[in-house]
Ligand code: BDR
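The chain below stands alone, shown as structure tokens; this is the form predicted on its own.
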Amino acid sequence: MTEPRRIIIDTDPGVDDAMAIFYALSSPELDVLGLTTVFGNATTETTTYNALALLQLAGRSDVPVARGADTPLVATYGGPVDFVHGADGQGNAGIPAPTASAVAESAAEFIVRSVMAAPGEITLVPVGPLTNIALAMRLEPKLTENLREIVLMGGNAFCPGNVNPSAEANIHNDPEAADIVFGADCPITMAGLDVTHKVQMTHADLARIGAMSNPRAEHLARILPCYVDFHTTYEGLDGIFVHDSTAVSYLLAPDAFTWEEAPIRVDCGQSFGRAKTIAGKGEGDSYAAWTPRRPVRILTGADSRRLVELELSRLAE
């Protein structure tokens, strides 16, 4: 039997983060070594509380949580997105208070210690702003050469953003950190809007979660209505886009995806293009800013029905 893939999920829970965390914990192919928390969908205080509470609800309080950055590297945090995830980050549905606490290490310290103790074995799965990963890279310059891979949810290379026409939300929260991370010396897979807008759960799919009888699914059934309302109001969608869980799906079923490969730079300017993830394709002086970087695997297509069925089957267990 193949050993489970060892991962650290960097997260800002978040309704879709909760789905991704439960999905990963329910997948025997994955060994979740820890959750590291960051601002984004809510403040870091709230996302850390939620991470601890979600693990407790899943019966996995053995998984450590390390609290991460409260603010971006350079800019000012724009604040929680209550209209998407609720004021509590959990669809305004509440969650039982955790009895465990975060570890003493910061997220960056936890990442560095874990990775350097197991060279080539650990995959980072960031599904929020990339601040903690950039801080870890600064803390240990050899970090990324000791990673197995980074599989991240964020960015939009070939499609419009979801914060504005240029930018995707996770990258928009800290473009400077994202540009550092996309320069990492390790394989990177980007599950951004190019693919997540093609993976959708319908109202019928979500009703199946509501019919499941386990604490994880019951919590999702309570928090999803807020997220569904956002997608109905702002996207006119029958259901939801599957954002964060798509990064987990790639770890489980990479053959369900198509992709292109190109190095990525992030626009860190102060104009309308800020936070756009720009794929560099070509040669010569015009591409000098991209050519030192390793190509990123940019997911562009997926077998949506296969991935939705896979996630639903795991959430039901």
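In case it trips you up, residue 1 is the first one in the sequence shown, and so on. Computed from a predicted structure; not experimentally measured.
A second form of this protein, the form predicted together with the named molecule, is not displayed here; the remarks below concern that form.
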Out of Thr48, Thr277, Asn41, Ser249, which one falls within 4.5 Å of the named molecule in the predicted complex, going by heavy atoms? Asn41
Among Gln90, Asn170, Asn156, Thr131, which has any heavy atom within 4.5 Å of the named molecule in the predicted complex? Asn170
Contact flag, Asp174 vs the named molecule in the predicted complex, heavy atom cut 4.5 Å: no
Look up in the predicted complex whether Val181 has a non-hydrogen atom within 4.5 angstroms of the named molecule, and give yes or no. no
Thr144 within 4.5 Å of the named molecule in the predicted complex, heavy atoms: no
Under a 4.5 Å heavy atom criterion, is Val127 part of the interface with the named molecule in the predicted complex? yes
Out of the stretches listed (133 to 141, 240 to 248, 91 to 99, 205 to 213), which one is close to the named molecule in the predicted complex, meaning heavy atoms within 4.5 Å? 240 to 248
In the predicted complex, residues of 3 to 19 near the named molecule [heavy atom within 4.5 Å]: Asp12, Asp16, Asp17
